[in-house]
Structure formats: structure tokens, C-alpha cells
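Presented as C-alpha cells, the chain that follows is alone, the form predicted on its own.
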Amino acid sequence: MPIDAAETPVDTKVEIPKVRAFRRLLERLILSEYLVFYITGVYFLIVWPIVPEIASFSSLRNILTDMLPLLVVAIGQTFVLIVAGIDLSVTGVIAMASVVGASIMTSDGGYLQGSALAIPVGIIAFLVVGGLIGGFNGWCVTRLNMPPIIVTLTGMMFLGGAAIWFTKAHSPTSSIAGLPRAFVAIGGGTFAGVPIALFVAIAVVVVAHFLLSQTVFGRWLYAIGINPKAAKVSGVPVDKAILWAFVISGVCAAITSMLLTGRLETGTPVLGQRILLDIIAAVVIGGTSLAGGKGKIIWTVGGVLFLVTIDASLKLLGSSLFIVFAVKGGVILLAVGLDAMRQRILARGSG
């Protein structure tokens, strides 16, 4: 039976609204602040039948434990990325703070060996190292007009070597052990069955969220990321805000150093050496834009959760280190692609 040509336009009119509705749904999903949580849930459900162990209590606890140090340092990175910067020195800060703090507290010839002040002074040393390095990075970027990627990459390399030199000057071995049990509990201990590191991470999340969403400083950061020249004309102290963003990144890296040092029960110059890719990936996957002006702490939480879940599943599958890095690299590329897609959708909407 011949097809009536008059029916074709009717079918087209029926199909076009469906296509448009699907595209609108897809755009809403891409623009959703909770996209990374949806993706994590879908990924978990897909992997669960393949590796049922991932849903066990021990695996879920390991995911949470692995997530906490990475989350803290990623939060600091979020502040820097919002102002369109980047901080590659965080792994160097983690290593340097670890050995400096450990040299004060260690029972093997530490500066405050056996003193009641050893732990509080050691913790202050961690934070001071992070803050000073972050401040120096910010000063180079704002006062010397050096590119953040060059400043922090150089800092990462210098701090890595300095941490090794410092360790050799304070220990006959490649690390500094003999740390007080009370300090070790910060990274590996529990309170009422809950990891103490979880309380530390929650405190950092709350403070960071408050700074970004409820303070003038947070509005300054977003304004700088969107358009630094316009922000400066509007009265925003651009250089000061950028400097403090780097300080916050350094302090967060130092807190992560405390958590990792406590977990390992030793200060080591190679601490955090392999997590730089994870730090950048977690923040970008969460939705913070590499172009600046966009980012939230809850997004970073989602990005860290997604990345750690992938890491845990690959380990349970027995994947090689090459596969792990390849998958993470692919995930970063996907995240950058999604960010570009978001920008196009927003630009089309505003236009």
C-alpha cells in the first residue's frame, strides 16, 4: 500500500517535540549541581554485580577513609581554581609539612621530645609550613605576575627535594618515626567508632562552605574568577584575595599532611607523591571550572567520592597501575568536556 506523503509532516511534528524534550532533559542533567552524585550512583550500581565486594562494610569504610585526606586538600584546590589559578605545589607541601612536623614530635631526638608541647607545637608547625608556602605562591602570582602553573610546579619540585634533604638531616633512615600516639590518632584513630579524620574533614568542609557562600571574601573570589579587571574596577582587592586563596590551599594541604602522617605513623618526604592527579581530577570532575568563577564545596565532595569509588573498584578488579592512571586520565578529559558543554549551554541560554 503506498504511503501518503501528507503523513510525513505529521510524523515530523510529533517527533520534533520529543527530541526537544529529550534535549532539554539532557541539558538540565548536565547543568545539575548534583550530576557527579548521579554518575557515582550509576557507576556503583554497574560495578556492584561485577565486584560484589565493593558493597561490603569494609570496602565502604575504606572508601570513606581514603576519601578524607583527598577531600581536604581538594577543598583548598577549589579556592585556587575559582580564581582561575592552579596549585601544583600541594604534594610538596604535604611532604614538607610531614617531615617538619614529625621532626618536632618524634621520640627519636625530636626538638620537643617528651615535652607536653610537642603535639600542639607540631600541629602548629604543619599549618605554618602550609600557610607560608601558600603565601609565597600567592605573592609570586600577584606581585611578580608569574603564571600560577609555573610558580607551583617549581614549588612542587623544590619542596620534594627539600623534604628529602630535611629528612636526611634529622633521621638516619628515609623517614621520621616515633610519633606520639595522641597525634597518630588524628589520622588513624577513632572516637565512638567514628574515624577522627572524619571530624577534621567535616570541620574543613563546613568552614570552606561558609567562606565561599556566606562571606564577602567568597564573593570576591567568584568575581575575580569571572573577570579580574572588572572586579578590580568594582573595588575588589584582587591581589589580596588571590594571595589568601593560595594560603588556604597551603593550609588545607598541611591538614591533609597531618591526616596522612598520622595514618602512616611516620613523617616521610614522599608523602602524597602520587595524588596530584587525583586532587586536580576530583575538583574538576565535581564541576569547578578550570576557567575560574565557578565552584562549590559540595561539588568537590562529589568529585572526590566519584574518584575514590572508581579507584576502589579498579583495585578490587586487580587492575594494574597503568590501567588506573589511564582511567583517571580519561575521567579528567570527560570532566573537562562536560565543563565545556556546560559553558556552551549557559552561553546559548543567556544569548
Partner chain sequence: MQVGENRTTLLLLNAAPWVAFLAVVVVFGVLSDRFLTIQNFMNILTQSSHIAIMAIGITFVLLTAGIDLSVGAIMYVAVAVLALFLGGIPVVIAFPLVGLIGVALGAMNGYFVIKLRGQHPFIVTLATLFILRGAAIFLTDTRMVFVEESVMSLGRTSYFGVPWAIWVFAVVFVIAWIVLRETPFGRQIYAVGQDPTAAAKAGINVPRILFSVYCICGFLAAVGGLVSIAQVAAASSTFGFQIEFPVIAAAVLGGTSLFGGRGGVVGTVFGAVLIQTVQSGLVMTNATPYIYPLVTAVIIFLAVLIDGLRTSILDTLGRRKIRVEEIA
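Keep in mind that what you see is a predicted model, and the values were worked out from it rather than measured. Numbering follows the first chain given and starts at 1.
The form predicted together with its partner chain exists for this protein as well; it is not shown, and the discussion that follows is about that form.
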In the predicted complex, the residue from Ile150, Ala185, Ala203, Val194 that sits within 4.5 Å of its partner chain by heavy atoms: Ile150
Touches its partner chain in the predicted complex: Phe136 (any heavy atom, 4.5 Å): yes
Taking 4.5 angstroms as the cut-off for heavy atoms, does Ile123 touch its partner chain in the predicted complex? no
Spell out, yes or no, whether the shortest heavy atom distance between Thr154 and its partner chain in the predicted complex is within 4.5 Å. yes
Since only the chain is shown here, I'm wondering whether Val336 would be in contact with its partner chain in the predicted complex (any heavy atom pair within 4.5 Å). yes
Counting only non-hydrogen atoms, the one stretch of 93-101, 124-132, 274-282, 242-250 within 4.5 angstroms of its partner chain in the predicted complex is 274-282
Could you list which residues of 88-124 come within 4.5 Å of its partner chain in the predicted complex, counting heavy atoms only? Leu88
